[in-house]
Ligand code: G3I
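Only one chain is shown below, in structure tokens, and it's the form predicted alone.
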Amino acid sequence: MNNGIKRSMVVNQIGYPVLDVKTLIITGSDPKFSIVNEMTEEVVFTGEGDGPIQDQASGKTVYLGDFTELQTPGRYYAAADGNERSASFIIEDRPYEELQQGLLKAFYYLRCGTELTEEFAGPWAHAACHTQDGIIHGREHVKLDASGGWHDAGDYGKYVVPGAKAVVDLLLAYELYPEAFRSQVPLPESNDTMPDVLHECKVELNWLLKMQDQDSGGSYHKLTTRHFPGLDVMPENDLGDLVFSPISATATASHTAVMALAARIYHSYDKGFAEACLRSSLQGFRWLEKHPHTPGFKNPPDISTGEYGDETDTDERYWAAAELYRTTGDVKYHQVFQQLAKEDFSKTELGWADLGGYGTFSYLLGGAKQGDPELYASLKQNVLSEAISYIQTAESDGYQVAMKEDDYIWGSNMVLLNRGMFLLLAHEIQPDARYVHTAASHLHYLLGRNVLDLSYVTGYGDRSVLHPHHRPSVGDSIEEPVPGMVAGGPNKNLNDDCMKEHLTGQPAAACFIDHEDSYAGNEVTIYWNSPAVFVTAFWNR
């Protein structure tokens, strides 16, 4: 891995599909470039980049080089005058198969409550963690089984809303691109009857079922210790009390939605599990009916772990109604969905705080015949208009992504990948090659075609993140980080001390440091990995 030499040509460090558009970015003053076969050192293509393009987010003047007509499989690099060369990359029919498997395997490494054995985890194996019962906040005498699921991020908390966001991304990827999941990861559960992505999602879904209060149907917001452990503490050594935080409407609605979706997806593989998911979804919806006006979640005073607070639960309720309508066909949920659609909230966002886009796509993917014609047409137009706006933003951006300066925030790579995912979902609603091309640019950016010439996925690319804010990667005494994890990305707001010390004054897209202390830029989470799985799956279908 060569991290010492600054390169003026940046590429997707993994590669490009044979028949797709292939572009690189040149930041030097000379727009001429060549593509060289790495095995033979033969120049196989020469070109000149379009530009110059003033890229405001990075502060760079760039040229866009196109080598789409090169369609011979192989390993290549880009070269400029002198000895300068880019990262090497492959051209293949499916260059992202190994990457997709790695992104999905990351969820296995984030499993809680079970031993990660050397057979499946290699050097990143560790003992079972957080196996004790949890206590209910305010009712400390009540203890419940809290085991299972995924650690949310670089810490060991488990949160319902982000968990639902991660699961829906993975289930949608499987629903739309099942052929992309034909190979085993493998996982301990791997078999010939159910794809590994469904085995892995079931780990989180089983934990989400435990987060539902069986008396009321509401979902506890999160399960964490009262405070974060030290950065070098391995999961099995995090021994603080586990506390179920109070029930929230956003958690309950997200739970209701993802369980309705799971009921649909698992029905042909595990009918009993699918039925349990549907029962849980219906119970959650009844809680929502009984609690139409519920304050947003706030951390109790004695808990300082991630809050995932959200004052607006309309988007989560909208998503829940859409999934229940699509799964059951019951007009009751259609009526609720239609009523909620009149409210003012984003119906296109796919983030953990704004989940309305999932409700919209559930409704649209259900087909026009199942929807109200006027509402269906309106939501479809909303989606297509947003997709066009993303394309226009990407076309004016030097690195060809639908990101403006204000989008480089905490978790900017989630923004990036959610928009790539959105464009591919829009393509499912109304096929358009422009949507696919722009979505591909977002993947190229993630994998190195960015101002830092850095792959934001640990272990993938010749310059990838090495020091993520991820406790097992810090505490396990292994030089390489746990692989397949997406780092948060540039954050112009510099929300941690490490960023403030090293990045003050940098352009928005360059506000990133590969340091374990940078939790506001270099942390990992399940819901940054999940849209990355979705996007890569499109090219493996």
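Nothing here was measured: the structure is a model prediction, and the numbers come from that model. Sequential numbering from 1, following the sequence displayed.
What follows is about the form predicted together with the ligand, which we do not show.
N529: heavy atom within 4.5 Å of the ligand in the predicted bound form?
The answer is no: N529 has no heavy atom within 4.5 Å of the ligand.
Y456: touches the ligand in the predicted bound form, heavy atom cutoff 4.5 angstroms
Looking in the predicted bound form, residue contacts with the ligand do not include Y456, since no heavy atom lies within 4.5 Å.
Can you work out whether P246 and the ligand are in contact in the predicted bound form, taking contact to mean some heavy atom pair no more than 4.5 Å apart?
Result no; P246 lies far from the ligand in the predicted bound form.
Do E140 and the ligand share at least one heavy atom pair within 4.5 Å in the predicted bound form?
No, no contact at 4.5 Å.
Which residue, E204, D155, D196, D315, has a heavy atom that falls within 4.5 Å of the ligand in the predicted bound form?
Of E204, D155, D196, D315, the residue with a heavy atom within 4.5 Å of the ligand in the predicted bound form is D155.
The single option of W410, W287, F345, Y376 touching the ligand in the predicted bound form, heavy atom within 4.5 Å:
Checking each option against the ligand in the predicted bound form, the one that comes within 4.5 Å is W410.
Among 89-97, 417-425, 178-186, 305-313, which stretch has residues whose heavy atoms lie within 4.5 Å of the ligand in the predicted bound form?
In short, 305-313.
Using heavy atoms and a 4.5 Å cut-off, decide whether Y109, Y460 and D514 all contact the ligand in the predicted bound form.
Answer is no for this spot.
Taking the ligand as it sits in the predicted bound form, which residues of 218-239 have a non-hydrogen atom within 4.5 Å of it? Please list them.
Counting only heavy atoms within 4.5 Å of the ligand in the predicted bound form, the single contacting residue of 218-239 is F228.
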